[in-house]
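Presented as structure tokens, the chain that follows is alone, the form predicted on its own.
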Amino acid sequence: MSFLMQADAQIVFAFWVGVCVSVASLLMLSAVLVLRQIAQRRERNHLRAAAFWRQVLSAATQAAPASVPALPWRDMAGFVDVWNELHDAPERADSPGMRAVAERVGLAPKLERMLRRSSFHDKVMAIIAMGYLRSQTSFEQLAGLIDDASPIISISAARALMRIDAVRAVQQVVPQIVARHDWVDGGIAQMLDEAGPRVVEKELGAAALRANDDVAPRLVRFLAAVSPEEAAPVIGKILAEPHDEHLVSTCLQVMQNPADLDKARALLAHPRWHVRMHAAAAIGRLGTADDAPALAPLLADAQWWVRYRTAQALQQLFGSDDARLQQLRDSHQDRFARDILTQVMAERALEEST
């Protein structure tokens, strides 16, 4: 180091900068290696815990265990992953044996602790597990998460609440469905389907009638999917009143009650082409051959999709009577009407030949 005593000040400065950078690099490299070792150790522990508890829980689905090992905190993530995985399985592994394991390891308070202290991923997994556990003691804690800013956490909490006590939860969940546009439709539909029509249909139907025309189409779709019977009077009431064309189109798409056909027939002359198109499709789906004269003029509509859906509707109304459809085509004065009927007939012939 004696050379530094005689060196220029700039050289000394550069030397110490180099030393500091080297030391900092070594420290950063050491930190990375340590963090990597910690992550690998956690992963190994997670895999070990998951493998161990998969054996315990899988055996419990067959028979209630005579004894259950303690569940240490370090095994919680692995246990919860397996717990959710088995419940998510098509055969639904929920069983008295699994519930016995959950009770003996004290799963409910451990999940509540995991929910308060864990990372985002583990928090979501804990919420899902609490739903499968159906512990009433967790209801209030989950209810506090239903309006969380994160759509993943809030919809997971809603789904867990519905699993724990759907009758109690539906009054909190349906207003959130109305308000939360960031909830995935597939997740909502699955949650409503799990709860069952008897639990959700009244609340959902009332919400659809109260909602504005921007929100109501989404609610009508959910209601029609979970309970066509309860959706029928809601759809009938909406179609009997003046509403936004998107809402009207949605009602026509999910309409299942032939008693509402008069409302659909009146919409064949609607100024918006997609309303005419969905009205024609609804009549084709629910009407009879007597509706053909009302549909026939739409074969010459200015919009191709209206002509196409009308031709398909007529084909549905006539069933296997191709001669009647061909007669209609040959007698029609409009060239576009004849073309669209020819196309629909050709498509069916192609489907039948394959």
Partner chain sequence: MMTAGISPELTSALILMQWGFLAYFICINVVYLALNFIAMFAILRHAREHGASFRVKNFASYQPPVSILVPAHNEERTILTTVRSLLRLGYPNFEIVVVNDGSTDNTLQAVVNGFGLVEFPEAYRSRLHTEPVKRIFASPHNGRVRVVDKHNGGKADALNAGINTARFPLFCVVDADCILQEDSLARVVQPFLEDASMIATGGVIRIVNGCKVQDGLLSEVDLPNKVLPLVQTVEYLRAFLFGRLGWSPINALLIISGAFGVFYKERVIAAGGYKSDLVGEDMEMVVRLHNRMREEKRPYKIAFVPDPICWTEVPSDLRSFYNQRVRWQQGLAESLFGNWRLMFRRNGGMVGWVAYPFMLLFECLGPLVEVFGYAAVIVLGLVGMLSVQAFFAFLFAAVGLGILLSVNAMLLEEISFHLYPRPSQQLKLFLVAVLENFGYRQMTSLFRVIGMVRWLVTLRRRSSWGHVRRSADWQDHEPQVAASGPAAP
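Please read all numbers here as calculations on a predicted model, not as lab measurements. Take the two forms, find the largest set of C-alpha atoms that superpose within 1.5 Å, and that set is the rigid core. Numbering follows the first chain given and starts at 1.
Beyond what is shown, the protein has a form predicted in complex with the partner chain; the following relates to that form.
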Original post:
With the partner chain left out of view, which of M28, A64, A51, A289 would have a heavy atom within 4.5 Å of it in the predicted bound form?
Top reply: M28
**OP:** Work out which of A206, A189, A266, V167 lies within 4.5 Å of the partner chain in the predicted bound form, going by heavy atoms.
**Re:** A189
**OP:** May I ask you to state whether R113 is within 4.5 Å of the partner chain in the predicted bound form, using heavy atom distances?
**Re:** no
Original post:
Quick one: does V174 come within 4.5 Å of the partner chain in the predicted bound form, counting heavy atoms only?
Top reply: no
**OP:** With heavy atoms only and a cut-off of 4.5 Å, decide whether R117 touches the partner chain in the predicted bound form.
**Re:** no
Original post:
Does the partner chain come within 4.5 Å of any heavy atom of R159 in the predicted bound form?
Top reply: yes
Original post:
Can you pick the stretch from 241-249, 118-126, 68-76, 102-110 whose heavy atoms fall within 4.5 Å of the partner chain in the predicted bound form?
Top reply: 118-126
Original post:
Which residues from 301-316 come close to the partner chain in the predicted bound form, meaning a heavy atom within 4.5 Å?
Top reply: W304, W305, Y308
Original post:
After fitting the rigid core, is the C-alpha of A59 off by 2 Å or more between this form and the one not shown?
Top reply: no
Subject >> Core-aligned C-alpha movement of R329 between this form and the one not shown reaching 2 Å >> reply: yes
